[in-house]
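Okay, here we've got a single chain as structure tokens, the form predicted on its own, with questions on binding and movement later.
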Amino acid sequence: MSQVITQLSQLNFSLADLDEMPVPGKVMLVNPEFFDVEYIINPHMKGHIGDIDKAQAYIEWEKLKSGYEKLGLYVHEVPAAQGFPDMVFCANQSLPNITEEGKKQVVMSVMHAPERKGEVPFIKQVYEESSYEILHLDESEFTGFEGMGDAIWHFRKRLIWGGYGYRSSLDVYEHISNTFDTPVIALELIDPKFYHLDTCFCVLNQETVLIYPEAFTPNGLKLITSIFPNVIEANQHEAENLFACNATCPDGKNVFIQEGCVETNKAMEEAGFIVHEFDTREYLKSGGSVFCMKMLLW
């Protein structure tokens, strides 16, 4: 079922109508050996060039890696590449898929910033070694698509939520939808501090999403609330300064999130989720946190 939905009037299905998808059991992490802030491509980087405590960043990354292992996920660690300090944010270079027949596919990204384009071949190699069919976008047609930074799978359902406006273009989602035979609900992003969908939108399980509502248009909010019966809202401080919505919930129960998101964590715990706090303060300086730092794979 391929279609791109941008208006509530176009929504012609419910969650119950969508095909089931398996939960990924593997997580890709890129070693932070060369992580740093060397340029400014988002508002969070301003004032942080050369300001990364690399020893602390490695400690934070190791604890996050250990968290996935304790949850029972297989961790595929990818070596860092010199000259690409943001490669550690490995949610951005690709969008993986698994078909109903169990075939693994991946669409490689067209990075918006020239500084990050060279990351994609390194991540492509990981997929080649993992028996994925590699699919590429025509860069003369699509000028920006940043993988799961903007294209986020609904939990256990064949549905993609697609953010656009800053790093990914709206027109790419028709191609993604046709390629994966999957509907895409496209959400316009309107605040440059929330430049990727994963900075303001976190799918927790089939019925629950965590969002920062001010990052979306009224139309986008209607689309979100039409699909999710349960919408948890992060406040401005926790969303903007602590990247509360850049959390991840790999199994629909356990949530990994930047430490200190007091109100958000309380709301999630009241909704039945188990919250695991991680310190990612060095990565916040570069405009990323828990979700950005991983890629879930089949």
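Start at 1 and count along the sequence shown; that's the residue number. These numbers come from a predicted model, not from an experiment.
Keep in mind the form predicted in complex with a small molecule is missing from the figure; the text below concerns it.
None of the heavy atoms of N97 is located within 4.5 Å of the small molecule in the model of the complex. Within 4.5 Å of some heavy atom of the small molecule in the model of the complex lies at least one heavy atom of F89. At the 4.5 Å threshold, heavy atoms of L242 stay clear of the small molecule in the model of the complex, well away from it. Taking non-hydrogen atoms only, T280 never approaches the small molecule to within 4.5 angstroms in the model of the complex. Segments offered: 23-31, 266-274, 58-66, 40-48. Contacting the small molecule in the model of the complex at heavy atom distances within 4.5 Å is 40-48.
This chain is drawn without the small molecule; in the model of the complex, the residue among R158, H175, R116, K124 with a heavy atom within 4.5 Å of it is R116.
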